[in-house]
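As a starting point, one isolated chain is supplied in structure tokens, in the form predicted alone.
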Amino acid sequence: MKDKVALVTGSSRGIGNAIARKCAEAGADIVINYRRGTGSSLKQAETLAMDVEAMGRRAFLIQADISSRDSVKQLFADIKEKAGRLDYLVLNAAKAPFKPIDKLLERELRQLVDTNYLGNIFCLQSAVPLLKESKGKIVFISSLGSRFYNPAYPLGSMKAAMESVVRDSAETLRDRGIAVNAVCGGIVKTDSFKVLRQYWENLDLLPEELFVEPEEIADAALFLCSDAAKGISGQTIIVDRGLSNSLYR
């Protein structure tokens, strides 16, 4: 990835942070996207930027709420102005309540769709002109909620929808030289895990070896951005340490 530019949405923390660091280690300059311009989100983004620059790479801190089309347009305008190019778009940002679908309020439903579906498509659409020039890659970060029931994880339905978008976009953008794929991550102990364990009965009984590290998701994303993945198109690679193979373990 030497001298190329990667945008990782929602990269101030968790899996996005791990992906941004992996891309920087591979030689890429990083566009660090975070939603809130204050608080821990900004502080973690600033820490990541310092770490990226310590690796000898450029870091571009750009605040943007992907659920807003105008905010996304400004994000990509800033990328073009500051970085001059874009080679990799990693769609990682997500926002949703832990709540059964039948209990969701209208504002929560709209937030669910606006951020996790429309927001990702806004980013994809805005990235195409830059990625066409660089023959770039798009990688969406999904989760097992896209295919398995969880009692309080409405985000899973949006992840499933986006996996379909990945398949369709891979074909739509093929002629423009843009590859599109996804990584479906297993259970990762990020900030949201603390809340998830309150709703998922006996989650703490899961063997430790079946929990996925953020860096393992990042490794898969890095692979899909590389030339080694040139034969893969429109696919979702599952990285869950075999959890989905072992329902009766």
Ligand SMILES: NC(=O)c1ccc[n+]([C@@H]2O[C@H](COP(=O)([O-])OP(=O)(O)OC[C@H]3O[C@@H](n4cnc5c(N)ncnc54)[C@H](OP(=O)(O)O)[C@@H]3O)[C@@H](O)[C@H]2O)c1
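In case it trips you up, residue 1 is the first one in the sequence shown, and so on. Values in this document were obtained by computation on a predicted structure and should not be read as measured data.
Not on display, but discussed next: the form predicted in complex with the ligand.
The three residues 41, 141 and 186 all sit with a heavy atom within 4.5 Å of the ligand in the predicted complex. Of the candidates 28, 48, 64, 182, 64 is the one whose heavy atoms come within 4.5 Å of the ligand in the predicted complex; the others do not. With the partner omitted from this view, the residue of 110, 135, 95, 85 that lies near the ligand in the predicted complex is 95 [heavy atom within 4.5 Å].
Stretch-level contact analysis of 76-84, 127-135, 141-149, 100-108 against the ligand in the predicted complex, using heavy atoms and a 4.5 Å limit, identifies 141-149. Proximity of residue 13 to the ligand in the predicted complex falls within the 4.5 Å heavy atom cutoff.
Remark: residue 57 does not count among the residues lining the ligand in the predicted complex, judged by a heavy atom distance of 4.5 Å or less. The closest heavy atom approach of residue 155 to the ligand in the predicted complex falls within 4.5 Å.
The ligand in the predicted complex is approached by residue 36, whose closest heavy atom lies within 4.5 angstroms of it. Of all the residues from 214-244, none has a non-hydrogen atom no more than 4.5 Å from the ligand in the predicted complex.
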